[in-house]
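Single chain ahead, written as structure tokens, the form predicted on its own.
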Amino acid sequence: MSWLLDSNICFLNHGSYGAVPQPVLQYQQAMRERMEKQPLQFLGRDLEDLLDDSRGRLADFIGVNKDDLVFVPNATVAVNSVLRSLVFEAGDEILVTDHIYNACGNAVNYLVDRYGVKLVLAKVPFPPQSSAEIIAPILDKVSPRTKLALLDHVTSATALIFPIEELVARLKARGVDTLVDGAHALGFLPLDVGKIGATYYTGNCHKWLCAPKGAAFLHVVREKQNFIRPLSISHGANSTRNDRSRFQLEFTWTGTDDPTAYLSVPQAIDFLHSLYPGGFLELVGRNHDLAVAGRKIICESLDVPPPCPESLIGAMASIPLGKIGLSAQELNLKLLREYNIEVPIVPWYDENSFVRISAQYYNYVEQYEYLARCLREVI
């Protein structure tokens, strides 16, 4: 296997942090060695062109212009960069859903506390039976004070694929800018950020694209770039250069760091393309089919219906466990310590919990059968 994952662990949680294949790690290490042999040459003279090449490969992969794309360490940094750059007045509304990732919710709450922004919560049912059940409650919460909608592309806890292209278009028609948290989307599904048309879109490279930890991107439409600043203001803020945008100058250098995760993104893209004759798209289809099969095995074992249509899930699936008599953390640790299974147990409303399975190239059907047997024993 091309991953370093412990063979003694039934690893069904690629979704949380990803896992880096050995060829990508080897490339990253080679870049680190190049950097350490001549740090001044690498960081001071070579890095900008290397980052341009890497951004270009990623931009082609997601259907955008590389000049509208910057690297950031993770999607949470990107979300904070946008939220902290925008100007809000007391009473302005930020629309989110109850499926929002906790870290992003906290970033919005910071604005609520500091500037008097109002958080407006759209409750999206789980399980939904159609995309319409996702769209309607979001649009119902739009008001004349809605300044921004912060929406997931793939929800973390419930593993739903939101109909993000339609949501963005319908919100735009109402004059609402969108910030899309696509933390899971890159490598999870065919991603065309340009076609989606969000004002701001961020995604992690370290999850389903299998790049090293510390690699993500932020895409900003051209007309908004002058307003978006990195969290760390550095040399680009007063640069006299005119060969590239202020947006690029500021985000390309925010201080000394290890940029090799960004530089390894093309290797991750190439690796995923190499796994099947049909390349990345065949991998996406295979992972989706495996997640559907794993969900079916667990649902049948626990005698619960599949919670949503197959079209609303990708390479992850969340299955309701109901009230389990243990906390989510206790069940998670019990499965790990007693059965060597690494899988997230996600708490939800009314003391209910989900088990969220992931399906990556290294997973296989028997692992879900084993998880199903173990769940029957402990809940």
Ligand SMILES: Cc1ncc(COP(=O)(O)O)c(C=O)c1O
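Remember, predicted model here, so these are calculated numbers, not experimental data. The numbering used is simple: start at 1 and walk along the sequence shown.
If you look for the form predicted together with this ligand, you will not find it shown, but the lines that follow are about it.
S.K.: Looking at 244-252, 289-297, 162-170, 200-208, which stretch has residues with any non-hydrogen atom within 4.5 Å of this ligand in the predicted complex?
M.R.: Heavy-atom contact with the partner occurs in 200-208.
S.K.: Taking any heavy atom pair closer than or equal to 4.5 Å as contact, tell me whether N74 reaches this ligand in the predicted complex.
M.R.: Contact check for N74: yes, within 4.5 Å of this ligand in the predicted complex.
S.K.: Is there a non-hydrogen atom of T158 within 4.5 angstroms of a non-hydrogen atom of this ligand in the predicted complex?
M.R.: No - in the predicted complex, heavy atoms of T158 and this ligand never come within 4.5 Å of each other.
S.K.: Flag L191 as yes or no: does it have a non-hydrogen atom within 4.5 angstroms of any non-hydrogen atom of this ligand in the predicted complex?
M.R.: Looking in the predicted complex, residue contacts with this ligand do not include L191, since no heavy atom lies within 4.5 Å.
S.K.: Is V154 a contact residue for this ligand in the predicted complex, using a 4.5 Å heavy atom cut-off?
M.R.: Yes.
S.K.: Within 4.5 Å of this ligand in the predicted complex, heavy atoms considered, which of I138, L218, C104, V265?
M.R.: None of the other options qualify; the answer is C104.
S.K.: Scan 158-189 and note down the residues that get a heavy atom within 4.5 Å of this ligand in the predicted complex; none is a fine answer too.
M.R.: Residues within 4.5 Å: D181, A183, H184.
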